[in-house]
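A lone chain, given as C-alpha cells: the form predicted alone.
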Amino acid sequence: MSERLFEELLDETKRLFVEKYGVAPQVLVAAPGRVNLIGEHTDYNGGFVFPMAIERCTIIAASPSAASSATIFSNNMGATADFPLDPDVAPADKVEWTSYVQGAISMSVKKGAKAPGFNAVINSNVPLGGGLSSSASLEVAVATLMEELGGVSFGKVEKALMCQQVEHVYAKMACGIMDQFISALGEKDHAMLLDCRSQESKMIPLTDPSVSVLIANSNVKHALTGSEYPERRASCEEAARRLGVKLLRDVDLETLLASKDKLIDEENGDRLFKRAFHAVGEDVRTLKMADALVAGDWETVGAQMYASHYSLRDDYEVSCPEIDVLVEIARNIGMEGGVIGSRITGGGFGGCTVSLVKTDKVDEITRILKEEYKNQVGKEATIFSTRPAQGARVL
C-alpha cells in the first residue's frame, strides 16, 4: 500500500490497543498478503509459482500481561478471544479466525517460543476471501509476534513451513507453500520465483517504475474449500499416479501429450488430462514469464498471463463469469491502452484478477475496469495498485 495507507492502518491499530487495554503497545509486527503473478495450482504439484508480497498487510499490536494466556481483539471480526499459550491445543471442529491464531500460537510454543501472557489487537487491510492470502498474512504475523515476545528466531523458511502446517492442521486446508513463503520471505521491489519441490526461491527484480501491478477484486466468492479444491488436487495426484511419477512436476508437455490415453476413461472423460495439461503447462508459462520479466519483454509477459488465465478457465475450470469479464475488459484495453497482461489470481471461483499495467495509465485503466464491470455484471469491483512489498517484520 502507499506509505499513507500503511501509516493509517498502523495508527488505527495503536489507537485500538490503547482503547482496549489502557496502555500503549510495546510490540508491533506486520506481515503482508500476496498476489500471484502466475503459477496457479502448481504448488501442490511440486511446480513453480511467482508471487509477490503486496502493500496490504496484517498488523498486530501487543504488550505482555500478567495473565497466563493471550487476550486478542480482531478489529476485522469485531471480536475478542482468549488463547492458551499451550502447544497441545486441539483444532476446533469449526474453522474460524481464532483457528489461525491459536494454530500459530500453539505451533510457535511447540517450536520454543516462551512467550508470556499478552494482550493484542489484530488489524488487517488484506481483503478477506479475495485470493490475496489474508490467512497466511494472519498466521505469519502471529508467528512473528510470538518470535518477538518469546525470544526466539525460527528463521524465515522454518516460520513459513510452520505456518503452512497451521493451515493444514488448524484451518483444515491442504495448501501448498507459496502463501506463507512470500509473506515471510518477500522483498521490496521483487517478486519471488519459488520452486515448490525444492523450496528454493529466487528473487526477481520488479523495479521498473513505469510498470505497476493492478489488483481488481470482483467482490464475488464462490465456495472453494468444499469439494472443488480437493477435487482438483485429487485429480492431479491420480494423473501423476497413472503417469508413473510422484508429482506432475516430473512430466513434460511432450510426455503428457504422448500419454494422453492413460488419463482418459469412461468415468472421468478427459477431466484428468485437462487438469494435468494445465499443471504441466503452467510451469512452462511461469518460467517463461520470469525470464521475460528480467528481459523487459513485456509482450511475452502478457502472452503468458493471458494463456494462464484461459488454461485456468478451460482446463482447470476454476474461473467464473465475473472474473472472465474483468480479464476481457483488460485485454480489450490492450497494450496501447497500458495493459500488459491480466489473469485470475488465487485459488479461483471468484476473488481477484492481477494485471501488469503502465503506471501512467493506472487511473484510466481503473476507471474503465470499474465502469465496464458494473455495466456488464452489475457489481462494483474494488481496484488498487501495488508495488512488491517487504515480507514479515517487526516494526
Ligand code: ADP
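What you see is a predicted model; the values in this text were computed from it and never measured. Numbers follow the displayed sequence, beginning with 1.
Keep in mind that the form predicted together with the ligand is missing from the display, and what follows is about it.
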Can all three of 21, 70 and 80 be found with a heavy atom no more than 4.5 Å from the ligand in the predicted bound form? no
Which one, 200-208, 309-317, 84-92, 132-140, holds residues whose non-hydrogen atoms are within 4.5 Å of the ligand in the predicted bound form? 132-140
With the ligand left out of view, choose which of 302, 127, 176, 150 has a non-hydrogen atom within 4.5 angstroms of it in the predicted bound form. 127
Find the only residue in 277, 229, 154, 100 having a heavy atom within 4.5 Å of the ligand in the predicted bound form. 100
Touches the ligand in the predicted bound form: residue 167 (any heavy atom, 4.5 Å): yes
Residue 235 within 4.5 Å of the ligand in the predicted bound form, heavy atoms: no
When the contact criterion is heavy atoms within 4.5 Å, does residue 74 count as touching the ligand in the predicted bound form? yes
Even though the ligand is not shown here, does residue 256 get within 4.5 Å of it in the predicted bound form, heavy atoms only? no
